[in-house]
Every structure is written in structure tokens, then in C-alpha cells.
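Below you'll find only one chain, the form predicted on its own, shown as C-alpha cells.
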């Protein structure tokens, strides 16, 4: 099968079709999409080498398995199920975990992938493939509000109107939060407002304006420093950004202002699929382009354009 390999550069190569281990099934990839994490990996994040990609929709092809023929999406953390963290309901932080296309496990920019059956979720027939591919990042957006347990009346600033920031904004709107989304690029805020989201240019944010919660989805290290400047004392900073160039925040300001720092990563797939199935969150306007898998190198160039949001890879073309 052909696969997109990162080995200090992006290369299309022929590699063997993976053989499922015990508890795994073979999945034929139908659609995948490029995440900001993929763009950071090729800058050095996680030191990953191998087949990239973790957002996908596929079809199970393993014989004699109950999921055979089902269209599925998959959680990215492959856990052992036996360590202390797994047994204490923290499987996404498993001591022995491998992470699809990010840390130690083959990614989805390929013809097939082998994944634990327990990682897979059936996609309802009503959700189109290019929309279902948003399940993983939407789950990550929902996870913030699972963690916060905050009253919707408290003001929230979301920094970054990119792929994830837009999904976070959509969930914040759905839950009735008093939120504002900021971005440096005027075209992004104009686009966000065209979708009915409350978005402003970062230039409109006054130095004294603050929120109880600031969510960093900027995708760059400077976003963390910016968010801290606009957080009320004893407020909460939610960190979604993971980058190759790590941030060095002012720890003194965190102590003095008694800020709470909340790291937020992966989320639950079932709530995300429910939102998509009921059309309560419609991410389809965020699709900025669709490429055949054979053109995936061109797709990566398109994904680097800051004005683009989600770039979809169609593995069936």
C-alpha cells in the first residue's frame, strides 16, 4: 500500500499492509484530514518518524469480526488496559500507550491501518464521510467543557479561529457560553462571523479586557502568553496548543494571580458523534479543500495556508 512517511521530509512510499495483532482489526481508510499536530510533527514535534495522520473515517475489513463492513472512526490512544492509569480510568494517559500517527503507531495517511477494536466507533449512516472525519477534533473541543464544570454565564475568551478554535467556538455557542473568539488574521474573524460565531480581530481586544477562562487554540507558543495577559486572577487557562517550539510562560504571574492551568487533549467520541448526527454542530463549512490521496503532498501545502481550515484527503479517488 502507499503511505505518507515523514523521515525528515514527507515522502510517498510503498509499505506493507499492517497485520492486526490480537484485539485489533484492519481498517480501510476512506477519508482522512490534516491536523495542526501533523504540521507541527514535520517541524520536529514528538520526534515522530513514520506514517503520519490520526483523523480518519474507514471501513472495517477484518473477516469474522462483528465490526466487519461498518464505517468507523477511531480514538488515537492505543492503551494496554493493564497499567495503573488504565485501571484508574485514565486510558488516554496509559503508561504504555502508543498514539496513532504521533507516537509509536502507524498513522492513517495510508491505504489501511490496524487498530484495537475497542478504539473504534460506528459512524451513523446520516453523517457524510468528510463530516465524520471531524469526530476526533470535535471530541477534543467537547473535552474542554467536560473538564471545566463552569457556569455558562462566566466570560470566555477563545484565542485562535483556526481548525480547533472554530470547533471550540461552536461548542461554546451551543452550550450558551458568553464567549468571544479572537484571531490576528482579519479574514478568519470575518469568516467566523459569517457562521454566526462571536468573533473579533485581536486588534479590538483592549489591554484591560479579561475573562474568567481563556482557551488557547492559537497553535503557537506566543498564544499562551497572550491568553495569560487577559485572564482574571484565579481564572483558568485552558491549553490546547501543542507545538514543536514550546512556550516559556511567566511562572511568577501564575503564582501571583493564582491562575489555574488546565491541559486539555483528547475527548470522548460518542458525544462528538451525537452532535454531528443531530446536526447540532455542523463543521462542513470548515472544509477548505479536498484532495485525492495521490495528491497528499499538495494537500499539505494547502494546509499550511493560514487562511485554510480543514483539508480533507479522499482515499477513494
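Source: prediction; values computed, not measured. Numbering follows the first chain given and starts at 1.
This next part talks about the form predicted in complex with a further copy of the same chain, which is not shown.
Within 4.5 Å of any heavy atom of a further copy of the same chain in the predicted bound form lies no heavy atom of residue 285. Proximity of residue 97 to a further copy of the same chain in the predicted bound form: non-hydrogen atoms within 4.5 Å are present. In the predicted bound form, residue 250 approaches a further copy of the same chain with a heavy atom inside 4.5 Å. For residue 240, a non-hydrogen atom is located within 4.5 Å of a further copy of the same chain in the predicted bound form, even though that partner is not displayed. This chain appears without its partner; in the predicted bound form, the one residue of 201, 198, 126, 147 with a heavy atom within 4.5 Å of a further copy of the same chain is 147.
Screening 171, 205, 224, 184 for any heavy atom within 4.5 Å of a further copy of the same chain in the predicted bound form leaves a single hit, 224. With respect to a further copy of the same chain in the predicted bound form, the three residues 45, 234 and 258 uniformly fall within 4.5 angstroms at the level of their nearest heavy atom. Checking 107 to 115, 68 to 76, 176 to 184, 87 to 95 against a further copy of the same chain in the predicted bound form, the stretch whose residues place heavy atoms within 4.5 Å of it is 87 to 95.
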